[in-house]
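Quick setup: one chain, the form predicted alone, written in structure tokens, and binding and motion questions come after.
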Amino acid sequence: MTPATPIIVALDYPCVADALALAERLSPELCQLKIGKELFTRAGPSMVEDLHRRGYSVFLDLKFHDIPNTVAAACRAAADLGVWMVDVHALGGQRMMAAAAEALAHYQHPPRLLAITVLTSLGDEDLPALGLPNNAQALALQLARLATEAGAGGVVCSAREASLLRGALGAEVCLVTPGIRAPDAVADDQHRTMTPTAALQAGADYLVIGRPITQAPEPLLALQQLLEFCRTDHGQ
């Protein structure tokens, strides 16, 4: 089942109680929730179970990057938890991503497999030190093509690459874009950001939003306002 809302709220909290308190203040009808490395390391699978009991779809954002057999096993563990989405690093290579896709193919309702292209904290100037070409857009497209050929159902990319990837990969590939900020918000540690309206217009399917909601005085109100931007400017 495809969620009706494009917003995924990132539960980037060091404290389990704070993450659950936010989940209580939001609504599964208005957003999905993302669990990252810090929260999952502190809370483990019980965090996923707690959010499922509250009615939320969960994106397990652990960015698996290892040898194919290890990543395949990790993806099966995520599928056993019943998560909605799970991700791997495209830089792990085609064989690794294909092993992940094959591991999930046997489930009746598998999570959508996403591949991370280029982290939104990286700019063109950061790539040469990693032995990569200093063009984040070109690298994102190359990795996205590799991921879809390997069987991934979507990619995580900067919204600045969404239009390029949508045109190259077609309508069926799911594009998930972090680094989303309101027009008047600060970028924090994200280098390649975009507003919700611009991201959806560029072809994004889902918008990962953290601090603009989680650090707002009224998180539910902030979510509703961002969702209204999406609906008004995206024809919903």
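When you see a residue number, it is the position in the sequence shown, counting from 1. As the structure is a prediction and not an experimental result, all values here were calculated from the model.
We do not show the form predicted in complex with cytidine-5'-monophosphate (C5P), though everything after this point is about it.
- in the model of the complex, does H52 have a heavy atom within 4.5 Å of cytidine-5'-monophosphate (C5P)? H52: no, not in contact with cytidine-5'-monophosphate (C5P) in the model of the complex.
- Query: Quick one: is P196 in contact with cytidine-5'-monophosphate (C5P) in the model of the complex, heavy atoms, 4.5 Å cut-off?
  - Reply: Answer no; every heavy atom of P196 is more than 4.5 Å from cytidine-5'-monophosphate (C5P) in the model of the complex.
- Task: Could you confirm whether G203 comes within 4.5 Å of cytidine-5'-monophosphate (C5P) in the model of the complex, counting heavy atoms only?
- Result: Close contact is absent here: in the model of the complex, G203 is far from cytidine-5'-monophosphate (C5P), nothing within 4.5 Å, heavy atoms only.
- L175: heavy atom within 4.5 Å of cytidine-5'-monophosphate (C5P) in the model of the complex? Flag for L175 set to no.
- Task: Tell me, out of V208, L169, A43, L26, which residue has a non-hydrogen atom within 4.5 angstroms of cytidine-5'-monophosphate (C5P) in the model of the complex.
- Result: It is V208.
- cytidine-5'-monophosphate (C5P) in the model of the complex reached by all of K34, K63 and T120, non-hydrogen atom within 4.5 Å: Each of the three qualifies.
- Message: At 4.5 Å, heavy atom to heavy atom, what parts of 9-38 sit next to cytidine-5'-monophosphate (C5P) in the model of the complex? List them in sequence order, or say none.
- Response: The stretch touches the partner through A10, D12, K34.
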